[in-house]
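The chain below stands alone and is given in structure tokens; this is the form predicted alone.
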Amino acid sequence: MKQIVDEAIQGNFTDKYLIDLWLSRYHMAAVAVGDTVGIFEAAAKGIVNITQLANMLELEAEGVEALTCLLASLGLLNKHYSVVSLTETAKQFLLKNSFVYWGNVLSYTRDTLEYKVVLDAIHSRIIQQSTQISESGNSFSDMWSSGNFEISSAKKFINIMNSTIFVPAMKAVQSNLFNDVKHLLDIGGGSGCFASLFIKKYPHKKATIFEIPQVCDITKSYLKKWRTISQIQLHPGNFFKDEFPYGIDAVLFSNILHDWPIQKVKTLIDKVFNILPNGGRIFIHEMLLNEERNGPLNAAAFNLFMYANYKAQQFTRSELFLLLERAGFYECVEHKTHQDYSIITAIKPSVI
């Protein structure tokens, strides 16, 4: 651990293969669900849009959007914004009257948890099982929203998040986007990975982590491993119910906004705008979908994962730009920092 901490900022390693493997479990699940609910047969009747597909198949439109986004990224649908049609590969292998129909192969996938979770979600059923639940059966987003959860489940969740966000956070800090930040507020900072990498690169600057009170002890244990516990302040609170601290000039949301429906995202962005000083900046660290909503592959798989488990979503750049501009931010810019992740930056005007 000490060697990783000491070399983190200079590190040049990649997590590409692991992220690819982690999210690939949704690839076959998406194809099998598409086959089960009749996406391919419906699209074979002609070019249709998401609303038509959802109505035709009696499915949730948001679920059909998330499912077709991944299927298009896999090369099985043509998708341009909300309009979809079959690719030649789908015509040959995924229509039931095809001599080489792959339905029998997909039958093995129908026994997986990912398949069942996605199928339930697009039918808007109450999810009986989830790939992301606590020991009591509640989703992690429900626990974070209410602040009522088991510590063991929170620790499990943060351990997972620390592993998956470490390299993207490292690459983001290496990008030098934070050069002019004096005091960074990391909202929902979890393990403190991002804030610790920031402090390792900028030891004379300040960082504060805003996190649920029950999680702060878990965060402290990580900060001790990072050897940053004396340099990073912990501010306990629920980011929907409690005020954010003042005295900071930059706010970071890393893998946070994708957990919540749009109205809650608006609330969080508005709260940040109100506590930032004039000229302060917001940083949003996420996997972004492209504007046509047909990829990239990992973002599309993560998008379906978020929908199936939380009824949430990944965003496009323009969607986040619009939310930021409506709150009053300007100079919105996307910066690619990792093979899958980007940071969007925006500024609160100096004069309002």
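All residue numbers are counted from 1 along the displayed sequence. These numbers come from a predicted model, not from an experiment.
The following text describes the form predicted in complex with a small molecule, which does not appear among the structures shown.
Screening 239, 93, 222, 202 for any heavy atom within 4.5 Å of the small molecule in the predicted bound form leaves a single hit, 239. Contact annotation: of the candidates 212, 269, 71, 251, the single residue with a non-hydrogen atom within 4.5 angstroms of the small molecule in the predicted bound form is 212. With the small molecule omitted here, the record of contacts in the predicted bound form names 251-259 of 222-230, 171-179, 84-92, 251-259, defined by a heavy atom within 4.5 Å.
A residue is said to contact a partner when one of its heavy atoms sits within 4.5 Å of a partner heavy atom; residue 165 meets this definition for the small molecule in the predicted bound form. Using a 4.5 angstroms threshold between heavy atoms, residue 157 counts as touching the small molecule in the predicted bound form. Heavy atoms of residue 280 never reach within 4.5 Å of the small molecule in the predicted bound form, leaving it off the interface. Contact check for residue 276: every heavy atom lies farther than 4.5 Å from the small molecule in the predicted bound form.
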